[in-house]
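First comes one chain, alone, set out as C-alpha cells in the form predicted on its own.
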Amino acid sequence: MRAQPEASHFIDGVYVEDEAGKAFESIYAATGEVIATLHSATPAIIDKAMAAASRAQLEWASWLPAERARVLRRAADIIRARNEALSELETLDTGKAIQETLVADASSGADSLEWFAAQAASLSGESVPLGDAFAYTVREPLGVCVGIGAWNYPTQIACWKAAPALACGNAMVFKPSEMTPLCALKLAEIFIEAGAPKGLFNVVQGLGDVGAALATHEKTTKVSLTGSVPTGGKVYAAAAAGMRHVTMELGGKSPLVVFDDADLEDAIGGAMLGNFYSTGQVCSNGTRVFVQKGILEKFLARLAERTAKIRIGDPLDPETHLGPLISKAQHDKVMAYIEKGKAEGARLVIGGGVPEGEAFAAGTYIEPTVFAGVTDDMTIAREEIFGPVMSVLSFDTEEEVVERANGTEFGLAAGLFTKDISRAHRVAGRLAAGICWINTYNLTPVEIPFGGVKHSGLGRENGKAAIAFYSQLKTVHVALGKVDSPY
C-alpha cells in the first residue's frame, strides 16, 4: 500500500523536493507498512516557502474580500466533491476509521472554508464621532502566518488555520505533523485549483526543528500551533521573542460531570464519544468522567455493555468503529498508562489489553478501556493519555465536583449531563474551560469559537472570534477643523 506524494513539499504552486533534508517515513498504523518517504525541509526550502508566501500575500491582500471569498468557496466545493478519496488518504495518514474520516475530517475542513468565505466580505471596523473630528478603524491582515498541525485531525486542522487566515488577507506556510504529512499537500493542490495565487498556501515537512525555524523566521508575523502543552510553551516563547502574534490550541484533561438526574443513555453516549472517538486521540476529550454516586453502578454496568460492542479492526472497513493508535510509540505510552492505573489501585472495568488475532498483529491497536474507582491523585486522572482510556470518578455534591473538576492545570473543555437547566447553566459558568457542553460532548461546529484557558492555550479558532487573531486593527483619526496649537 503506497501513498507517495509527487514530492515532500508544496511551494509557490508546485511540488518541491530537496533530498538534502533528512528522510522520514509515513507509517500506516493498521499494518506497520511504510506508505511514503519524505524529506524534512532544509533552510533553503523554508526560505523558499516564506518568500513565496510573502509575495503572494501582497497580491492576495489587494483582492476584494468577495474575490477572496470565491476562492475559499470553490476550495470547499472541491473538497466535498473529493471527500471519499480525501477521507481514504486521511485514514491511511492517521489510522482512524473510515466511517469517522468520511464525516469528521475533510468535510469539516470544507465547512470551515465555506463559513470563513462568508465572513471575508463582512470584515469591517467602526466609525467614532469626535466632535470636530472623527476616527475610523479598519481591519488589516497580519502578513505571513505559520500553521503547525497535530497528527489527529490533519486535514481539519490545516483548514481551521488556513480558512480564517486567508479570509483576512494573509498567506500561510503550514507544517503538518511528521506522522501525518500527506493530507495537507492535497489541500495545497486544491487551493491552486480553486484560483488562489501561487504561494498563498505552502506546505513544508519536518520535525520540531522545522517548526522552530518557521516560528522564528523573519517573515513570520503569526504562529498558530495545535499540539501539546510542552511544545506550545516552547513555540510561544520563541514567537514572543519576535513580538509575533500567536494562537495556541494545546492539550487537556477535561472533566465530564454526570449528575444523578441525567438521561443515562445520553450521558454514557457522551462519555464514550468523549473518550473513544478517534481511538481516544482528541485533545478536548472528557477523560475524567465524574458520576454522582446515586447512579454510579448503573452507569458502569451499562457503559461496560455498550463498550463491549465497539468494533475494533481494519480502519478501511466501513463497519469498524475503532482503528489503531497513530504509532508504536503512542501505543506503548498508552499501555504504560493502563499499567500505571492498575498499579495505583484503579479498578479495570473493561478493556486494558491488545486485541488478539492475526488481523491486529502488525498494527498499534488497544482495546477501549474503562477504569473505575479512580481518585484525583492517580496518574491516569492527572496526565493527558491521548488514547482510548476513560477514568470514572465518583462524587457526592455539586460544590465538590466543581472544585475537583477545576483542580488541574488544563482548561480546554468540560461537559455536564443533567435535566436541571438551572444547575446546568450554573455549573457551566463555574467550570474553568474554554468550551463547555451541556447534555452533549465534543461537538465543534465552525460557527463557534474553540480554544482553552490556563495551560490549554490562548487565542481562539473558529467562530467570529478567530478573525481577531488573524488580523489587526488600524485606527485613522480625521481632523475637520483647524489645528489648535500653543506653539
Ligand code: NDP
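This one's a predicted model, so the numbers in the text were calculated from it and none came from an experiment. All residue numbers are counted from 1 along the displayed sequence.
The form predicted together with the named molecule is left out here; the points below concern that form.
Transferring the named molecule from its position in the predicted bound form by superimposing the C-alphas around the site leaves no ligand atom within 2.4 angstroms of any backbone or C-beta atom here, which marks the site as open. Although the partner is absent from this view, residue 228 contacts the named molecule in the predicted bound form, with a non-hydrogen atom inside 4.5 angstroms. Put simply, residue 60 is far from the named molecule in the predicted bound form: not one heavy atom of it is within 4.5 Å. The named molecule is not drawn, but in the predicted bound form it has no heavy atom within 4.5 Å of residue 372. When contacts are judged by a 4.5 Å heavy atom cut-off, residue 207 counts as touching the named molecule in the predicted bound form.
Candidate site formed by 82, 96 and 158: none of these residues places a non-hydrogen atom within 4.5 angstroms of the named molecule in the predicted bound form. None of 324, 109, 415, 252 but one reaches within 4.5 angstroms of the named molecule in the predicted bound form through a heavy atom, and that residue is 252. Just one of 150, 89, 291, 196 comes within 4.5 Å of the named molecule in the predicted bound form, counting any heavy atom, and that one is 150. Only one of 229-237, 347-355, 271-279, 363-371 places residue heavy atoms within 4.5 angstroms of the named molecule in the predicted bound form, namely 229-237. Residues of 177-206 that come within 4.5 Å of the named molecule in the predicted bound form, judged by any heavy atom, are 177, 178, 206 in sequence order.
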